[in-house]
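In structure tokens, the next block holds one chain alone, the form predicted on its own.
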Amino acid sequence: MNRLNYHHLYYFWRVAKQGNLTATAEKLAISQSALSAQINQLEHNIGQPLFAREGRTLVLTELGHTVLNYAEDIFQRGEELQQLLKRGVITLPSLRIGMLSSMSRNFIESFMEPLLKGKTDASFRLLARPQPELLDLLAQHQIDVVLTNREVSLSDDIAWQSQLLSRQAVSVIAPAARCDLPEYIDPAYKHQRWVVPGSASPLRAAFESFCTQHQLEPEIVAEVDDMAMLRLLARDSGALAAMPAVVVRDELQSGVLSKRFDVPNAFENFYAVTLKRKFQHPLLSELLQSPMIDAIQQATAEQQSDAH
């Protein structure tokens, strides 16, 4: 491949963002044929098409999406450089955070506390998706970090970097009206109604192992993958629930729900997944080394000590 021509790349970037060759040519004050020729030259140098035609519409190919992501980074950096040279200050780009759609919103909010309280100058974008889609977006440089409660499988092609942020005990949560239930495992728990995580969750396996060990015969009234929905059911169904206490933090503080006890040796792990890059978002490093992470890790160590 010939040396990349950034002039051609700039025209591709403008067309890809606009989605229309004619409209882009008008904005750039050049002819449509000249603009098309610039993009054709870029495709020729790359050796693969970046656009496919669907009727009168230009649609990015898979490679086109990848090139667009890199072009976004390149020209965003260029704009930052212009600001730095002009005013001596630099504006950080938005931090792009992907989160597993089933994760606890309370945990996400705690992680993003420095952003929410305005302790930094940068904005952020939050995207909730299934894990495979989030990892694809991370690999394509469309997001900066993935927050997940599921381990990331090793890959021969991609070197994921996974940092454990928190390890939270799974607790037995009860409505305030069930304060008669003891704060330890007891025969009173043998026949109870429960709302629990779905079968694909590692928390469900821990719950079932706990029930088997103590010969409980739970009546499962609902299985829920989404923690936000599990939180609502724990609050409104009148049933017991098995989940990390952080999920129902506000309800525990207000007295609507109560934590009876922690399930022994049952934890939910929270990870931050990134890719090794030469230029990481500077705000990401601050978040992953924040006092909140230190506090979580200290609490996690105490939980593990108590469990043993």
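Between two forms, the rigid core is defined as the largest C-alpha subset superposing within 1.5 Å. Nothing here was measured: the structure is a model prediction, and the numbers come from that model. Numbers follow the displayed sequence, beginning with 1.
Below: the form predicted in complex with the DNA, not depicted.
From the list 62-70, 48-56, 248-256, 262-270, the contact stretch for the DNA in the model of the complex under a 4.5 Å heavy atom rule is 48-56. Contact annotation: I30 falls within 4.5 Å of the DNA in the model of the complex, judged by heavy atom distances.
In the model of the complex, the DNA stays beyond 4.5 Å of every heavy atom belonging to F12. Taking the partner from elsewhere, Q280 is found to have every heavy atom lying beyond 4.5 Å of the DNA in the model of the complex. For the chain shown alone, L287 is not a contact residue for the DNA in the model of the complex, no non-hydrogen atom being within 4.5 angstroms.
Interface residues of 8-23, taken as those with a heavy atom within 4.5 Å of the DNA in the model of the complex (partner not displayed): H8, Y11, N20, L21, T22, in sequence order. Taking 2 Å as the criterion, Q253 does not count as shifted between the shown form and the other one: its C-alpha moves by less than this amount when the rigid core is aligned. After superposing the rigid core, the Cα of N269 is displaced by less than 2 Å between the shown form and the other one. For L35, a C-alpha deviation of 2 angstroms or more is recorded between the shown form and the other one after rigid-core alignment.
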